Structure formats: C-alpha cells, structure tokens
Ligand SMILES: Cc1ncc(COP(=O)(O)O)c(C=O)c1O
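Encoded as structure tokens, the following chain is the form predicted on its own, with no partner shown.
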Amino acid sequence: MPDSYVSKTQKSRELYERAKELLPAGVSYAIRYFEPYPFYTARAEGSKLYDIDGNEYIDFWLGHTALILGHSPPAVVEAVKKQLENGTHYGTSHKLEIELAEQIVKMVPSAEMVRFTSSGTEANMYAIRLARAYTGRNKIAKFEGGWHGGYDALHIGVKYPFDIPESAGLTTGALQDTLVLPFGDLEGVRERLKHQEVASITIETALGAGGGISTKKGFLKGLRELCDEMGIMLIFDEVITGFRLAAGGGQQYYGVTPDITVLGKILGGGFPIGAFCARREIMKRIDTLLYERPHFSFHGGTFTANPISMTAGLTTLKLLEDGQLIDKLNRVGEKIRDQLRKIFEANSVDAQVTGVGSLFNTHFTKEKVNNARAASKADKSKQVDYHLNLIANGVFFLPTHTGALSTALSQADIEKLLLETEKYAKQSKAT
C-alpha cells in the first residue's frame, strides 16, 4: 500500500488496533481485511464512501455488489423511513411479503412461488434441501470456483487447489455427498456425473468470487438439457446476478431457465435478505398443510420476510423492473472492460479483464481467463497491488474481488477509475 494511504488514515489505524482485541483478525468478515489495515467507513452516499478520516472513495465494491442503485438511494430511504414508523420486525404475516413475492414472480422466469431468508447462504441451504426432498436423492453437485456462502455442503471447491477444504470444522459427512464439477466443460460434467444419482447442480450464472467470469450461454443450455436427461434439479445461484444482468437475472440474460433460483443482495435494497423460488410443484414440498413430517422440506427463520427488507427490496425492484437502468449499466460495463483492456495493452501489461454486464475483474496474466483454474494462475500479488493503489487514490475495490457498477456512478467517477488504472499501468511498465 502506498505511504499516502497510511498518512491519510490514522483514525482508521487506531480503530483497527481496537478491533484486533475484539474481532478475530480485526474484522467481521475475513475478506474485508487488506494490508496494512482497512479504512473505516463513517457514511456513504450515492457512488461514494467516506471514511472516519474524511477521505472519499468512489465505490466499485458496493456492499458486496448488492447496491445497484448506489448508497442510500432517495426512493428506498423514503420508503424505509415510512415503514420504520409502522414497525421494524413483526414475526407475523404481513402484506409486504406478498407484494415482494408477486414482484419476484413477475420478473424472474423460473419463479411461481417464493420463500424468503435472511441471507444468500441460507437461501442456498434451503434450496439444496428442497431439491433433495423433491428428488429423493442425496448427492448434490457444484462447480469449481463457485461461491455459495458458508453452508457446509457447498463450502468446497471454491479456491484452487480445489481439493483443499475451505474451512476447518467441515466434516467428511457434510461433504461426502457433494461432487465438484469442471466449470464450462460439459463433457467433463457428463463424465463426472456418470453412474451418480444427483439431486441438484448449483451454478452461478457468472462466477463472482471465482474471478468475475461469464458463463457461456451454450454451456448453460447444455447443462439444462443434461439435467433434464438425468432428472437433476438445476439451481441457479443468482445472489449476485439476480436483477443485475437483466430484470429477470442471469436466466433472462442467457435465456436458460433453472428449476430453482437463489436470490439475495440486490433483492434487499441495502438490507439483509435471501430468497429461493421455483415452479409451484417444487415449492409445494415446503407446504406443511400438504405434507407431514418427514415428507415436507423445512424452511423458516426469525427474520424471514422482515418488513424493512421487504420494503427496501420492493422499492428497488420496481425501479429496475423495466430493465432500462440495468441495460444502461450493462453498456457502461462493456465500455469499461474494453477501455481497461486497451490501457493495459497500450502499456504492455499482461492483463485479462473478465466480467459480464456490470461486473468486472482484472487478472494479471497472459493466458485467457475463462474459469477459476485459469484465474488462479494469474499474479495475485499484482492484482492486490493494483487494487491497493486504487484505494490509496480514492477508488475502492475490495482487493482481488470482482467490482460492480451502480446507477449512482457518474462519468467523472468512471474517468477517475480509468485515469488511476492508466497511472498504475505506466508505473508497472516502468518497473
């Protein structure tokens, strides 16, 4: 990290020293740490974060890509203020949960019925349970580089080498029914599934933590056909791509409909949320009025369908419903990826810019990056150095993670990203 960062963030440094005594690694989520210490945000508005030292950052991380409308969009803030007066949490049924479910069904091709959770991890967990209940099978599958939250059965094969567990405390029993599949390789998938009775295959329609890598339409189409052939539930994890690639998510963007869809992030309008949805016959397996124990698939949670999250989510989806804001962001995303490529090429820096729609990432390597294995071979230290240089100059990416765009970004914000990238590329060329 450039020395200028340390000199400008002394209050953050002091806070980090306090945090280390109370929070493991000094943070609430491991990925939020970066060298020499993270800055501490005091407030956020529009496209900007402001730290406790008064420094301003253009935000391309956007709360883990959740804030497609930017920070504190006026329409969402106003709706939430009104709801606060009517209660923050009920623990009973209410109209808002119906309205947001109706909106999801209206927008997402695969959705006929919906259940809400408090996070994407929970939604993935319940989606897997539902697939197992519906098919009567135990084994599940996911892809190399796919990140689906902290649920044990999916917490495998995330980073290269893919055979190393992602965490301590994951038992053999929790993982023994999970198959890890090669991303983008349909024949490899078919071979891996041979002689296996699999309940579901979970896939991100674009790898997020796996490198911001687009999934090919032909691969998704082939996967859909393979699942139909083998009686497997196809689950799209659209926690990142839902309501970002298109109003109907990655499934609309690519024209491939899954059996079950997992949602989160953007759906909450800046508040905690998750959801899973599917066609009616699948979701009915959750219905305790139709099935007795142990034949129904359990789902529940204290904060499910929290009225604040429902309000913020409904307001957000109505703004995104016609697809115009999303289409505009996708066009800007394509231009940014193209301009970043040109900057690195002009300065003889070996870099691959990946992404789709309004998502993008940079990998410092000569080789084409089309899966997590290829991404793992890139120079990670240079990627960290690039992102830390951006942070020191007021452009925030969480180091090594995929960036995203919001409707709050201005042309000046984008030009600042390109300018600082060009400075970095020239500096790299000189060294």
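Keep in mind it's a predicted model, so treat the numbers as computed, not measured. All residue numbers refer to positions in the sequence shown, first residue = 1.
There is another form of the same protein, the form predicted together with the ligand; it is not shown, and what comes next is about it.
Asker: Specify the contacting stretch among 80-88, 212-220, 225-233, 147-155, defined as having any heavy atom within 4.5 Å of the ligand in the model of the complex.
Answerer: Checking each option against the 4.5 Å cut-off leaves 147-155.
Asker: Residue-level contact is defined here as any heavy atom of the residue lying within 4.5 Å of the ligand in the model of the complex; does I240 satisfy this criterion?
Answerer: Yes - in the model of the complex, heavy atoms of I240 and the ligand come within 4.5 Å of each other.
Asker: Even though the ligand is not shown here, does E204 get within 4.5 Å of it in the model of the complex, heavy atoms only?
Answerer: It does: once the ligand is placed as it appears in the model of the complex, E204 has a heavy atom within 4.5 Å of it.
Asker: With the cut-off set at 4.5 Å between non-hydrogen atoms, does R244 touch the ligand in the model of the complex?
Answerer: Judged by the heavy-atom cut-off of 4.5 Å, R244 is well away from the ligand in the model of the complex.
Asker: With the partner left out here, check for me: in the model of the complex, does some heavy atom of K265 sit within 4.5 Å of the ligand?
Answerer: Within the cut-off, so yes.
Asker: Though the ligand is not shown, can you say which of N306, S297, S110, S119 has a heavy atom within 4.5 Å of it in the model of the complex?
Answerer: Among N306, S297, S110, S119, a heavy atom within 4.5 Å of the ligand in the model of the complex occurs only for S119.
Asker: Looking at the ligand in the model of the complex, which residues in 124-140 have at least one heavy atom within 4.5 Å of it?
Answerer: Only N124 sits within 4.5 Å of the partner.
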